[in-house]
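Just one chain follows, in the form predicted on its own, and it is written as structure tokens.
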Amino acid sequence: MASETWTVRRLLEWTEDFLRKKGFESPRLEAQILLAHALGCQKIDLYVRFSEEPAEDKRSTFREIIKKRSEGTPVAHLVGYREFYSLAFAVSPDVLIPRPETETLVMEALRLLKPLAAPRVLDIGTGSGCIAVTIAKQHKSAQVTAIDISPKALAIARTNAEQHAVTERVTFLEGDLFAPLSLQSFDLIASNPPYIAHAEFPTLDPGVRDFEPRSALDGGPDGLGFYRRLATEAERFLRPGGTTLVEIGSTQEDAVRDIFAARMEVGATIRDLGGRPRVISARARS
């Protein structure tokens, strides 16, 4: 083993096997992302570098990255970004790492906004800014307001807005839910609020529980606290016929629908690509 030549191909094979034995869900993809990061290249470039033997300093960097991954550090934290809706978003331990499931909310938002010439959109709890920035990037005339209580999260979100050239159409405000707003009204309110119940925290994946901000996860004793607050306040910030879209945990459909139905007209639940209930839609009553 000591005399083995550690080519790019061999490093990928060894790392994939190592991560698989550690129980990670996507060992091949993670091996590719992490090696590309260590080598300072794009993932696709690895395929034309299979026979290359990286320099020892690069292999040393890669070993340290794999050690941290084996200890639970999320891939996104190791490389500093996460892809969302085919866009790269900077992340840090101060924000929730964007999930593919949240793309379900963005797709529905864009569907609703498509007929509108200059829609106004509100993103509550913006975190990395993945919802606000993606909507602004995909709908070229949308004006988006993004709110978060964390100044550190807002700094990351602003970085992402700059990266994707939408700073002129995304306004960032610091505060708790609707508190920073005055008399503004919106065509659409979107939110991926904290929705983990206190009893669920011990069962969370350690990569989530130990490395992501609890404030972006903690939905109160039953996980529904933020939905109650959103449902109570959302309607007065919506234009007539405006819509609120909220992401939910896969077991929360009935509870969240009931919360919004007490104040708004609730539409069909939207399911993610895995078939799980993922987004609740509610319209302001005329």
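The structure displayed is predicted, hence computed values, not measured ones. Numbers follow the displayed sequence, beginning with 1.
The same protein also has a form predicted together with a small molecule, omitted here; what follows describes it.
- Mapping the unseen interface onto this chain, residue 247 counts among the residues with a heavy atom inside 4.5 Å of the small molecule in the predicted bound form.
- Not displayed here, the small molecule is kept clear of residue 41 by more than 4.5 Å at the level of heavy atoms in the predicted bound form.
- Taking the partner from the other structure, the small molecule in the predicted bound form has no heavy atom within 4.5 Å of any heavy atom of residue 119.
- In the predicted bound form, the small molecule lies farther than 4.5 Å from every heavy atom of residue 178.
- Of the candidate stretches 65-73, 232-240, 254-262, 216-224, only 216-224 has residues whose heavy atoms lie within 4.5 Å of the small molecule in the predicted bound form.
- Exactly one listed residue, out of 172, 84, 186, 195, brings a non-hydrogen atom to within 4.5 Å of the small molecule in the predicted bound form: 195.
- Think of it this way: in the predicted bound form, the small molecule has a heavy atom of just one of 166, 112, 154, 96 within 4.5 Å, and the residue is 96.
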